[in-house]
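Let's start with one chain on its own, the form predicted alone, as structure tokens.
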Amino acid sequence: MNRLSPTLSRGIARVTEAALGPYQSAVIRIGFAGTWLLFLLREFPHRQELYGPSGPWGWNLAKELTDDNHAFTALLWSDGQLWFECCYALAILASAALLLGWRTRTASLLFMVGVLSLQNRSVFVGDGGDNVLHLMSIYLVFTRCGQVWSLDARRAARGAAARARGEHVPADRVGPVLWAVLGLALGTATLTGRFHDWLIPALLWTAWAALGLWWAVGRRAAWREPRTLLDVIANVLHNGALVVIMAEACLIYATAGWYKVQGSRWQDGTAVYYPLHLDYFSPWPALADLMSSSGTIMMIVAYGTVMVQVAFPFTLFNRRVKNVLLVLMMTEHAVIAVVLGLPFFSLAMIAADAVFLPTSFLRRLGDLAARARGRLARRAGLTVPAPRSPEESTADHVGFSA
């Protein structure tokens, strides 16, 4: 027991003292927010048919279904056209804010509300990628995904630099206003009986109260112990959510792979051939015909897909093998996006896969992006601050920024 104590202590300290995987959490934030934003923009001309009050899946049918399964959707609070347009616009704005990392905590809550509201309004519209996005929108609420590659991180770094120079940093006014507006909206929805289930409203109220407490404690420099306790709780929630996201991705691939093993079409290697010849999954018929012209290629793709999906969860303890399979899976999803015409399903799965990307690779990717941004800024005659590491950034220690 004495031998295990130091190891256990180091493990507890690692989980509680820092929010792990800052780059991975930033990537999945950008990936899922970007996927949903692109989907909403692409389907903007068709939004009425998909989610509108007079669409094929009518308001009354959706109301009857949600009354039965207690799914949360703000779109059914009213059957008015103006309410629908406001909800759709809010979903777009929340996705853009989360993508940029602007007021990340509040943006993640609104992002979840937008995803659940639209998807639960018309449950028969989505595919597997929508299911992944549905779950991940909830998990992201618990993560501190604005530590790097976000406007919050940039604002916090500038504030820290100004304080180090002895300059006065203006008090945050946007955060309290957002908090007050969110509380007013939650209070109105609760008092008018809009919520038919307790889970989502309980999560929203808890997050709202936590944001207020975080801001109040942060304004008192002498309250170091309460602030430390809040940091520990936030770190534990973040790290736990990150583990859940990883487990969810592994579960998706494991179940998909083992179900494919049981299918006769996957066993004889012909499963990939048939979707390529369905009009719905053939945006490029010539490309589909070219790929399906070789039975050997079809068999290799079918068998390779099954083996990669079944093997991936077992390779997490071997970094090199895991990285190889990760590249293969991301490549497979990119091919699916082009050949089968499922771009948003593929983007959602690639975003889920990104949680396993090595930190060193992500940091190099960030450095390349920063240098490219710097070159563009110099050409435009602008001044761009040097990028900062997560240790230098204090985004999650600035009230409502987190």
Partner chain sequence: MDAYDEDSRGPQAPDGSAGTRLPEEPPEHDPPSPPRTGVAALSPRYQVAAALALAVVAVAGCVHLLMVFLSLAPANTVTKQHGQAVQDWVYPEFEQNWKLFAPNPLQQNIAVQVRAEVRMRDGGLRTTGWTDLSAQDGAAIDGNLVPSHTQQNELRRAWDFLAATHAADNRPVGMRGSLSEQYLRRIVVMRLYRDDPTSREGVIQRVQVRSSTTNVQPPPWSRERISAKPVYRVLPWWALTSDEAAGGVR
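This structure is a prediction, so every number in the text was calculated from the model and none was measured. Residue numbers count along the first chain shown, from 1.
Beyond the structure shown, there is the form predicted in complex with its partner chain, which is absent from this document and is the topic of what follows.
The closest heavy atom approach of residue 118 to its partner chain in the model of the complex falls outside 4.5 Å. Remark: residue 281 counts among the residues lining its partner chain in the model of the complex, judged by a heavy atom distance of 4.5 Å or less. Although the partner is absent here, residue 304 is not a contact residue: none of its heavy atoms lies within 4.5 angstroms of its partner chain in the model of the complex.
The shortest heavy atom separation between residue 219 and its partner chain in the model of the complex is within 4.5 Å. Proximity to its partner chain in the model of the complex, taken as a non-hydrogen atom within 4.5 angstroms, holds for one residue of 161, 202, 247, 86, which is 247.
With the partner omitted from this view, the residue of 188, 331, 206, 228 that lies near its partner chain in the model of the complex is 228 [heavy atom within 4.5 Å]. Interface residues of 40 to 54, taken as those with a heavy atom within 4.5 Å of its partner chain in the model of the complex (partner not displayed): 42, 43, 46, 48, 49, 50, 54, in sequence order.
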